[in-house]
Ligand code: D5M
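Shown here is one chain on its own, the form predicted alone, set out as structure tokens.
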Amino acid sequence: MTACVPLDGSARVVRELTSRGYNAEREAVTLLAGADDPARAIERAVAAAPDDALRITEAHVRRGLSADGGPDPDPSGSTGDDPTGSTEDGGGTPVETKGSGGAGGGSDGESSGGSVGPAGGGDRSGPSTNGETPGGGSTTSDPSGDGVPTGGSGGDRAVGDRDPSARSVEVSGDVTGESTGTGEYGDFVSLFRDRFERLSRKLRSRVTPRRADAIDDLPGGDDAAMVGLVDEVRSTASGHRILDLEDTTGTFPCLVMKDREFFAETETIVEDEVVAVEGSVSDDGGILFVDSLYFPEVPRNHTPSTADRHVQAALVSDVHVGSQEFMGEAWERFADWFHTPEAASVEYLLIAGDMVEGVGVYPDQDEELDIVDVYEQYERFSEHLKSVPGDVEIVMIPGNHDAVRLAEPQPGFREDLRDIMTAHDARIYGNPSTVTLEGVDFLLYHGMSLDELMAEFPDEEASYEHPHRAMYHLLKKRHLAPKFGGKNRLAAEKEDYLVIDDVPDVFHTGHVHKLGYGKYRNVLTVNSGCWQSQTDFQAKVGIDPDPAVAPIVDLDTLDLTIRRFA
């Protein structure tokens, strides 16, 4: 297929190659863009590539130019071949499709419909995103009728709209290269002091707090307010609840009576989070009777940012290459879908951890491994990553199965692992990180603390069936792992990297292998499922995964589409 229009830059070269199902080395793109006739140079480079190639290399371009009788510019460089609440469960139900289109409704009883858009994040006022209420949108049709993506590697499609020159990627909150924790006592003091100071600032605009030692000196009956870390939560014999709050001067007990309308909120308070209370001191001065309870929270008037153009990001997590249950064929269907016209606007792929299955992560894991060497697992993952078009910007963070320290915050991969995954020039950051794509803030967090909340909270507040509801609580507490010393391992850094300083526009997690999505005060929350079918270990612990799904976010509207590739 000869290009219909002249090519006048690297972006046009990338789009043309992608339309034919090819990735390309940067050196190859530079050579093609600088050719006298880029369109003809592309034709010759494609002809010079092997039939099974997915990636156009510098060597293919040079062979093509040489065969065309053209110059062989700049002979230096590589010539090797690369084989290549406050809560709201959404403002509508995202469109669900299968493969490249799907035939109407989603699976598992979910209805097709409208999108989870940027508005509609009020307090429990909208339809559920779990499919009970259609939202009025439409799904696309699958021309093949079988739900399998059309096109694919090497297939032709219209020139896409991907434009690398229009992209903007920034990162903040990444611990990589910044970790200073040694495990000394002073590190723990610094961590909790930093947490307290940063979260208490978010509460001081709502109350006028006194220090714990000052409240202790007040006469009975006086009004008082306090901001503190929760040292302990305990129930009385009568069913009331006592919060022991700690600040830099001491600890003071605060009693929430069971008849208070906000009493149920105390069921989701965990140790080490920061809250504020208002009330009155008891007659004997030994306790504070709580009349009001406050959390750091997302402001009710939060308005998310959006991109200035129509561009999309695919959100995935928990790929688990190396497991016997890794769904390689489904992943390749997903990668093939990137080469279709439907995916022309998908310019970003965000992976929220667990690229590989790892080794020794859980009991008897070796019996469920397809690849027993972790380096070989990453090499295989890199091969699967090559199936994604080279003009897609990939951002990834590690998870608990990856070869990094288990304690959060987790730095990005070591150089030896980064070297294995250089084929796609992926951006690799720590867990967590805030990645800003064209002005839209994505908070990426693998999600290990979700297990803790699901174990302790009532099912209606946090469960594996509705993982996004647990994410709401993290936003409410403005901390990604508020409980220190529980099941989730946390590192003592001088700065608390798990505090949510700035409200994100999109909150993306993984880890629990369940699909969940919704809105919390206009923050789009997405837990993106997995690419691993149920393992024997998961069956034993009662986890029924949602595999081979890819939530797609429109950056210009924050609408959400769920695509299925199983």
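Don't overthink the numbering: it's just position in the shown sequence, from 1. Keep in mind that what you see is a predicted model, and the values were worked out from it rather than measured.
One more form of this protein, predicted together with the named molecule, exists but is not displayed; see below.
Using a 4.5 Å heavy atom cutoff, none of 268, 294 and 478 lies near the named molecule in the predicted complex. Residue contact check for residue 451: one or more of its heavy atoms lie within 4.5 Å of the named molecule in the predicted complex. Using a 4.5 Å cutoff between non-hydrogen atoms, residue 538 counts as a contact of the named molecule in the predicted complex. With a 4.5 Å cutoff on heavy atoms, residue 318 counts as touching the named molecule in the predicted complex. Contact annotation for residue 339: none of its heavy atoms lies within 4.5 Å of the named molecule in the predicted complex. Judged by heavy atoms within 4.5 Å of the named molecule in the predicted complex, the contact stretch among the candidates 32 to 40, 494 to 502, 58 to 66, 512 to 520 is 512 to 520. For the residues 289, 362, 192, 263, the 4.5 Å heavy atom test against the named molecule in the predicted complex is passed only by 362. Distance criterion of 4.5 Å from any heavy atom to the named molecule in the predicted complex singles out 400 from the list 488, 400, 382, 312.
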